[in-house]
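A single chain, nothing else alongside it, follows as structure tokens in the form predicted on its own.
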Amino acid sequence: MNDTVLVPHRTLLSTVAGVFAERGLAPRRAEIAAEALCHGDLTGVSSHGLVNLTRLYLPLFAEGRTDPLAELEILNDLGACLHVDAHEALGLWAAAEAVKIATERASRFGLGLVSLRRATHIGCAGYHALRAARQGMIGLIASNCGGQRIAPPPGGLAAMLGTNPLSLACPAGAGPPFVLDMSTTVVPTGRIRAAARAGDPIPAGWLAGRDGEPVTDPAALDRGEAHLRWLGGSPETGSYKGFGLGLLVEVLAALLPGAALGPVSDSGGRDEDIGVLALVIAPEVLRPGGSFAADSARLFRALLDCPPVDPAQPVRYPGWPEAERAARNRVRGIPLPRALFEELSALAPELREVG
């Protein structure tokens, strides 16, 4: 039996949209949520893809922690800036809708900012930022993890913040958009748990024990025996930078909209009341005449032209490898581990026709 199954992208989208629709999402919302979730597997970021459907998203419906009928409520509209309550709408859709609103405002004012509270997990932050870049704009997404507590401050014993992802996407001329999509910890929890499911050890430096010693058993995270390290690793190698970026996200995405703050939340560490900052900048409105597009093309072309150490490994910028994988997977199908394929087929038996 093959270890993976190739599933056409469109088949996955329609299957997952159907699963969401069965939980009460309107058809168009279900389509957007499916596209956001499948983006992880399409681009090779499988830790944020379909593996989370039964582990993260469907439990939200089953436990009543998301409202499929919720509408975004604009609490304050200042033109370019809006304060919005998601009312526990599914974050995969709510974040996309926030970017849509921000993009519309940016086309009028040069920038659009949506400060969103009471959302649920948004999936790949890069998917949402990329929606703006595809409109010729710059998209910035920051999302805290609600009341979730994953990593302690450097030198601290108690976990107080989540992985707090941050993403920026920008058009890059003839090449695919630049897309930075990163957690502010060394890796996101999804990669740790993927290794745990596979029974694989993880590199020293991803997790640390109570005394700071390296932990290579990924299951130690969910046993409460280890915590994620911040970008930079130790204080001596720059962990305060990762911690600072995590706090930056907490300020912009949670403190600003009034979402749950990890260090003071009473949610018991659950990822509830997630906050999102969606900022979209329209360069051609801010500086009309086409000079931004020309400058952007020159910037990213110069990076691609950098002489490589290994000629077989040319220099690429973030977003390029993911775009290559997406193009390849759209043609040949998205590779899913057999176990995940069987899991999805149990939800949607029609999927077995491609297996």
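Since we're looking at a predicted model, the values are computed, not measured. One-based numbering along the sequence shown.
Omitted here: the form predicted in complex with a further copy of the same chain. The next part is about that form.
K.L.:
Within 4.5 Å of a further copy of the same chain in the predicted bound form: all of 195, 269 and 333, by heavy atom?
P.N.:
Answer is no for this spot.
K.L.:
With a further copy of the same chain left out of view, which of 69, 62, 327, 315 would have a heavy atom within 4.5 Å of it in the predicted bound form?
P.N.:
Looking at the other structure, the residue within range turns out to be 315.
K.L.:
Just one of 133, 150, 140, 226 has a heavy atom within 4.5 angstroms of a further copy of the same chain in the predicted bound form, so which one?
P.N.:
Result of the distance check: 140.
K.L.:
Only one of 89-97, 119-127, 170-178, 215-223 has heavy atoms within 4.5 Å of a further copy of the same chain in the predicted bound form; I'd like to know which.
P.N.:
After filtering at 4.5 Å, what remains is 170-178.
K.L.:
Using 4.5 Å between non-hydrogen atoms, is residue 74 touching a further copy of the same chain in the predicted bound form?
P.N.:
Contact check for residue 74: no, nothing within 4.5 Å of a further copy of the same chain in the predicted bound form.
K.L.:
Give a yes/no on whether residue 56 approaches a further copy of the same chain to within 4.5 Å in the predicted bound form, heavy atoms considered.
P.N.:
Flag for residue 56 set to no.
K.L.:
Residue 303 versus a further copy of the same chain, in the predicted bound form: is there a non-hydrogen atom within 4.5 Å?
P.N.:
Judged by the heavy-atom cut-off of 4.5 Å, residue 303 is in contact with a further copy of the same chain in the predicted bound form.
K.L.:
With heavy atoms only and a cut-off of 4.5 Å, decide whether residue 190 touches a further copy of the same chain in the predicted bound form.
P.N.:
Looking in the predicted bound form, residue contacts with a further copy of the same chain do not include residue 190, since no heavy atom lies within 4.5 Å.
K.L.:
Do any residues of 159-193 have a non-hydrogen atom within 4.5 angstroms of a further copy of the same chain in the predicted bound form? If so, which ones, in sequence order?
P.N.:
Going through 159-193 in order - heavy atoms within 4.5 Å of a further copy of the same chain in the predicted bound form - the hits are 160, 166, 168, 170, 178, 180, 182, 183, 185, 186, 187.
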